[in-house]
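One protein chain, two forms: both are listed below as structure tokens, the first as structure 1 and the second as structure 2.
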Structure 1
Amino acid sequence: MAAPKDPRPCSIADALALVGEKYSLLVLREVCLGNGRFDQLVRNIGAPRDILATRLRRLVDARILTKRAYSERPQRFEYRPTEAGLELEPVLMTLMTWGDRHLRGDEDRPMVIEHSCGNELVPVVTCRACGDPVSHEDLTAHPQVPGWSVAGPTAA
């Protein structure tokens, strides 16, 4: 079978096209932590200024961040997450937990996030309908795009 000219339609791929660029999720991390000024972002992320400026423009254009002037002379801006940006925060928390567990070890964590209940946040994906934690074994994919199955493109 010949390779399809287009890859599988996928919301994960669409999201990664936007936030999967180097530094984009780190920008979102810092903005969610309240560090939305350009100099703070440069210092805390370590990205080159020109690349950081490009990422910020793209995230603002995609309505993940807002840009607001905090100084007129010289003109300076700060960035804040929009509702769409805040919806990515659980993704960041889950990714951080995965990194702590699989890349650093629980003893070498650079940051701990505390929930408003006073306990350390340990994110868990749950089913909205039944409330049960989700595991791989609980999932069944149902492709919604005509011409695609779980295994790939179907014959026309």
Structure 2
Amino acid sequence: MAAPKDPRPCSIADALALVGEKYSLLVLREVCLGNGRFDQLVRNIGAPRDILATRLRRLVDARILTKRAYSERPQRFEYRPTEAGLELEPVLMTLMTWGDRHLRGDEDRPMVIEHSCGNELVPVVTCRACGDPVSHEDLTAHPQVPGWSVAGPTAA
């Protein structure tokens, strides 16, 4: 009865099912930057128009984006992030920081984000409870679903 496809139940997988397709997160990037029009998206992302159209439909269905007219007659539309969409920005920030660090010679970063405190944003993931920056060795995973244990950190 068990289907031969029952991967680990996981919110990462669920999230990626919505935003993990090619271009989806780049759409979100542009929309968060305020570039929400179809032709802007095509140009700035470099995606085929048809793919972009299907991605936009999906993201709107998932309530990550909304489509609103910024002009009737002629009808013209613009996509914007919802609350849920904006809450994906941390994913973009951490990805960007990783890319800056590992894929570029540091100081040819194509974009710098300024924080309202006046400094350049260097995003750090911290623990809400203790406020400390989080690193791998501080984490212990506790699966909640029977049958889906983890091996735990492999001894060095």
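Bear in mind that the values here come from a model prediction, so they are computed numbers and not experimental data. In this text, rigid core is short for the largest set of C-alphas that superpose within 1.5 Å between two forms. Sequence positions of structure 1, starting at 1, serve as the residue numbers.
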Pick the form predicted on its own out of these two and give me its number. 1
Residue shift check between the two structures, rigid core fit, residue 83 Cα at least 2 Å: no
Core-fitted comparison between the two structures - CA shift at residue 73, Å: 3.2
